[in-house]
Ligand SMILES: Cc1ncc(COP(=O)(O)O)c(C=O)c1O
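Just the one chain here, the form predicted alone, laid out as structure tokens.
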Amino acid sequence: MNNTINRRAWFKSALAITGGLTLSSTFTNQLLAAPVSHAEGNFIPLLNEKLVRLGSNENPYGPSPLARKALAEATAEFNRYTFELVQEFKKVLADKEGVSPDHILVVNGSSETLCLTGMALALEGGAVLSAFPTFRSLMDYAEKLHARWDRVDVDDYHKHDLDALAAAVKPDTRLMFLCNPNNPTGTVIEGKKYLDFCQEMSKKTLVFSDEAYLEFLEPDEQQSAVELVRKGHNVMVSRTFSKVYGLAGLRLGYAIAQPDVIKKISKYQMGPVINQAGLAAAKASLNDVAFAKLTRSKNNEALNFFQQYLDKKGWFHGQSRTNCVLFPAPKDGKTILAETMKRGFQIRVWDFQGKEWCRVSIGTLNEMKAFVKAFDEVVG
């Protein structure tokens, strides 16, 4: 009976999203805008086209020259659906990841993987477990469809508390969500330690490894959990072209998991909606080592500048390795959102452990220099 009710709830939600029906503001907030604080929920942003966007963890340097060239060359095919091209791209991805194509699901950005997995988990019953704070889309989808979300606070250094996560697994835990590197903290669980933990937890439940920010690490540090998928473990990996490769607006990502998991998740996909532009740019970006290196280098320069600013202020932050930093809000969150926006910058405010926290995405070095001047004015 509950399963039937949940499937009806999913069907109504899917119709609302895809059919253009009016959504309640609460539903929209939870599944699309996803405010992560009371301050954001109560804040009405100004319309300002000149905002420096430091709130979405976007790449300010992309797309790469190779991606732009591929886009230009692909325009003649934009009138065609991508049926064959998606299958071809799956083979390219499978070769890169060392798996067969039936281990791969191509999606509209990693957000679609999170949505599909959250729905599948909720509709089949059970709970999802994650660290907190983390990127919450999968859990929001699952929770909206009446699944339980069990949370384990990050540790004092804003890293995943692995011992506490392991202890929090329950008989009905259907999935453990791990974002590594983590959003919004930017912190990392080191390679072997992370893989050992994933392997051990996969004996108890499906482990979902969100690796949207993996390419911000140096190549010799990029130890993906795909290694565990290749060995047959109960692990699912999500990847995206939105971050290092700068293709957020083209919405292209993919998931890697055991074929039965891919089959279970893909049955909730709404159809072959992958676009020609995204495929062309992603394929060109996939092995663009030079652009990924350029992005890492420029990001690290701006990230180090901003973390040094926080250190001088004496404000705590986890040691970020990505393109965002989380630190305690020096003033009430609503004021910070309003006053930074007045000065031309957009950031995020999170609620965690009864306090408000600022999450600032890393822009160019010049943008970060301008931001700290503006932020000093805001917080006095």
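Note that residue numbering begins at 1 and tracks the sequence as displayed. It should be emphasised that the depicted structure is a prediction, and the values quoted were computed from it without experimental measurement.
The same protein also exists as the form predicted in complex with the named molecule; that form is not shown, yet it is the one meant from here on.
Not displayed here, the named molecule is approached by residue 109 to within 4.5 Å at the level of heavy atoms in the predicted complex. With a 4.5 Å cutoff on heavy atoms, residue 212 counts as touching the named molecule in the predicted complex. Put simply, residue 240 is close to the named molecule in the predicted complex: some heavy atom of it is within 4.5 Å. Under a 4.5 angstroms non-hydrogen atom cutoff, the named molecule in the predicted complex lacks residue 176 among its neighbouring residues. Contact here is defined as any heavy atom lying within 4.5 Å of the named molecule in the predicted complex, and by that definition not a single one of 307, 326 and 357 is a contact residue. Contact with the named molecule in the predicted complex, judged by any heavy atom within 4.5 Å, is made by just one of 251, 103, 158, 233: 251.
Put simply, of 244, 142, 114, 225 only one has a heavy atom within 4.5 Å of the named molecule in the predicted complex, and it is 114. Listed stretches are 142 to 150, 179 to 187, 164 to 172, 294 to 302; the contact stretch with the named molecule in the predicted complex is 179 to 187, by a heavy atom cutoff of 4.5 Å. Contacts with the named molecule in the predicted complex, taken as any heavy atom within 4.5 Å, map within 122 to 141 to 135 alone.
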